[in-house]
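As a starting point, one isolated chain is supplied in structure tokens, in the form predicted on its own.
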Amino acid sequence: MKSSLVILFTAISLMLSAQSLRSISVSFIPVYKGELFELNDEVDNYDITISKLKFYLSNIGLSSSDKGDWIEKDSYHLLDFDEPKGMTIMLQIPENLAANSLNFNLGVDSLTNVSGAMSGDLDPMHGMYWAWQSGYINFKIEGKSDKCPGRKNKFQFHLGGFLAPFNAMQKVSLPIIIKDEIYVVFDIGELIESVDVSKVYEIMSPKAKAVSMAQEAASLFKIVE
């Protein structure tokens, strides 16, 4: 009888827990000068074409100044601008959660880099992993420009590194109003303007330039109403 009651109370608790959750979507949208940006579009005035844009978001959470933080469990997402469906992340949050900021890491933290957690979006098959010494590529952008002196005018910026002084992961916090759909724009135009591809056109390992470019990229996320 006692075991039956335990099972009953457990089932009721699980039902109540499930009923107390709500789903919200967080969609990431690339823009250039306020307009929707698509891969392989030529960016006017810069003679630049972007062919690849992928990055990791991790530890996605919501916080309130007076009620603490909520963080998604096992929170690792690989966003690939070549796959529009993958640009929306669904979160299951407490029904009555009060929050005024959306938080996430642009990249993969040091602990994950050394923990051997290499499945799902963290699987090396996605082309976002160097080796155990240098870890994950947090942010990858590739393209071409006539101004670029690289082979076939191509540039490649693979931003990563988890060891000091070249830890490229960046923390992002954006003010929000909680609602069912949240939209975050990423201004690819500003990132392009921040790089002179006639002088810098390849980053393929952890270094100071990777960190500074990752910092610039992290500053380009904005909430839109």
Partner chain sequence: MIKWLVSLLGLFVVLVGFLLTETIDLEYPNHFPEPVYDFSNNKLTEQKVKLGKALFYDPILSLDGSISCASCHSPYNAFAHTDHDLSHGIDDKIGIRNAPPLFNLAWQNLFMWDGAINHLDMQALAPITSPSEMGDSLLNVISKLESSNKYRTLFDEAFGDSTITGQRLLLSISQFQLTLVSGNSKYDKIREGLDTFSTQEKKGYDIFIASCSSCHSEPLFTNGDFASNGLEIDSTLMDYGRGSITKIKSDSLLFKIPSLRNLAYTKPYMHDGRFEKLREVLNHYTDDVVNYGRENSSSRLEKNLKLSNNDKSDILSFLKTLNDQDFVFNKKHRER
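Treat the numbers as computed from the prediction; the structure is a model and nothing was measured. Residue numbers count along the first chain shown, from 1.
Missing here is the form predicted in complex with its partner chain; even so, the following discussion is about that form.
Enquirer: Mark P84 yes when one of its heavy atoms lies within 4.5 Å of a heavy atom of its partner chain in the predicted bound form, and no otherwise.
Expert: Judged by the heavy-atom cut-off of 4.5 Å, P84 is well away from its partner chain in the predicted bound form.
Enquirer: Would you check, heavy atoms only and a 4.5 Å threshold, whether A131 touches its partner chain in the predicted bound form?
Expert: The answer is yes: A131 has a heavy atom within 4.5 Å of its partner chain.
Enquirer: Would you classify D146 as touching its partner chain in the predicted bound form, given a 4.5 Å non-hydrogen atom cut-off?
Expert: Contact with its partner chain, no.
Enquirer: Any of the heavy atoms of F166 lying within 4.5 Å of its partner chain in the predicted bound form?
Expert: Yes, F166 is a contact residue.
Enquirer: Which listed residue (F28, F55, F162, Y32) meets the criterion of a heavy atom within 4.5 Å of its partner chain in the predicted bound form?
Expert: Answer to the contact question: F162.
Enquirer: Any idea which of 131 to 139, 88 to 96, 101 to 109, 74 to 82 reaches within 4.5 Å of its partner chain in the predicted bound form, heavy atoms considered?
Expert: The contacting stretch is 131 to 139.
Enquirer: Having a change of 3 Å or more in the C-alpha distance between W132 and N105, I'd like to know whether it is closer or farther in the predicted bound form than in the form here.
Expert: W132 and N105 sit farther apart in the predicted bound form.
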